[in-house]
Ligand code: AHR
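Take a look at this single chain in structure tokens; it is the form predicted alone.
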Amino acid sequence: MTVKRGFQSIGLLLFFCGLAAFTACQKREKPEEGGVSTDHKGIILGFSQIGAESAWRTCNTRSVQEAAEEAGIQLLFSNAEQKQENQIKAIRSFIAYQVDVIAFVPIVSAGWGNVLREAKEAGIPVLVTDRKIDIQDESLYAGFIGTDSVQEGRAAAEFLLKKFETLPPGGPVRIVELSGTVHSSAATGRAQGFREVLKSHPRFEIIYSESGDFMRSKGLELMRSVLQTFTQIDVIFSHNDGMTLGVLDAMKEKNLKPGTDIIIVTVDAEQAAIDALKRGEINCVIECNPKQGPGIMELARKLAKGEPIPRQIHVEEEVFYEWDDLSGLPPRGY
């Protein structure tokens, strides 16, 4: 793992254990009524990322790291490698180190109550980023900044309504859905928003829905199986570009034309997906904005000073359609 100038990058939990052992003997002093600790320069932010499963996730991590360096915030970074238990261990290590603020991307929605209660008891505010959590006591975290996955699902369905308005009337529209990580707010929200819009349009029928865990390899595997099982597919709704790229690979193996033989709607807006949209291989790309680092740092500064923050902030996102002129669109950066 690369260590960037101006902050620490912690990839191994063994290193966290060393920090915990050290701070067991020598704790950092905390101010009596919140605010930034006075025994170090600047703010220390502990950040737990879920992994590096896609170009989107890599960009999300880079955004946090670069924003921390720009803001002069010391970053303790942990890669959970797609395991919730690793995130919980990392958060507990942040607590032991007595960071000023904890931020994390929850791999799944549930199961955070105990560790967030420990953070609250230690007087450390917690910021949830990118994905949301489902927790009974919402006072255990200060706020959320990230994408609106429900609206992303709605945008996908709204495109299909527009698309099929332009086509001759016909029978049912058969939809295959490749969903994201089970129990993640991103997958749950996109599925929810998609169904909300289509529920009053019975012509649209989801004939298959399965998790591809946001992985290109699983998208390829699932699409191969789908093409063997179903003789008629009108639409693929994929919860992220990684899985979508696997879908394109599987279709080309069968000499099918993505975007023509099957309409494809995807979420994330990675450069590879935008390029496929320009080629006509994807019909609609819904942006899921990974560049959340500056917003996270702004909120971390406020939390470290004991200032209130909004309960929920959704980052700005766009939708790109097959009929758009994308010639002037700048490089995505991921």
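Just count from 1 along the sequence shown to find any residue number. Worth saying up front: this structure is predicted, and the values here are computed from it rather than measured.
From this point on, the text means the form predicted in complex with the named molecule, which you will not see here.
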Exercise for the section: Using heavy atoms only and a 4.5 Å cut-off, determine which of F194, F214, F237, F104 is in contact with the named molecule in the predicted bound form. Expected result: F214
Fill in the blank from the handout: Among V247, A186, A156, A90, just one has a heavy atom within 4.5 Å of the named molecule in the predicted bound form, namely A186
Handout entry: the named molecule contact in the predicted bound form: E69, any heavy atom under 4.5 Å
Key = no
Exercise for the section: Please run the contact check for E298 against the named molecule in the predicted bound form: heavy atoms, 4.5 angstroms, yes or no? Expected result: no
Handout entry: Contact of D130 with the named molecule in the predicted bound form (heavy atom, 4.5 Å)
Key = yes
Handout entry: I282 within 4.5 Å of the named molecule in the predicted bound form, heavy atoms
Key = no
Handout entry: Options 94 to 102, 69 to 77, 237 to 245, 135 to 143; stretch whose heavy atom lies within 4.5 Å of the named molecule in the predicted bound form
Key = 237 to 245
Handout entry: Heavy atom within 4.5 Å of the named molecule in the predicted bound form - qualifying residues of 53 to 67
Key = E53, S54, W56, R57
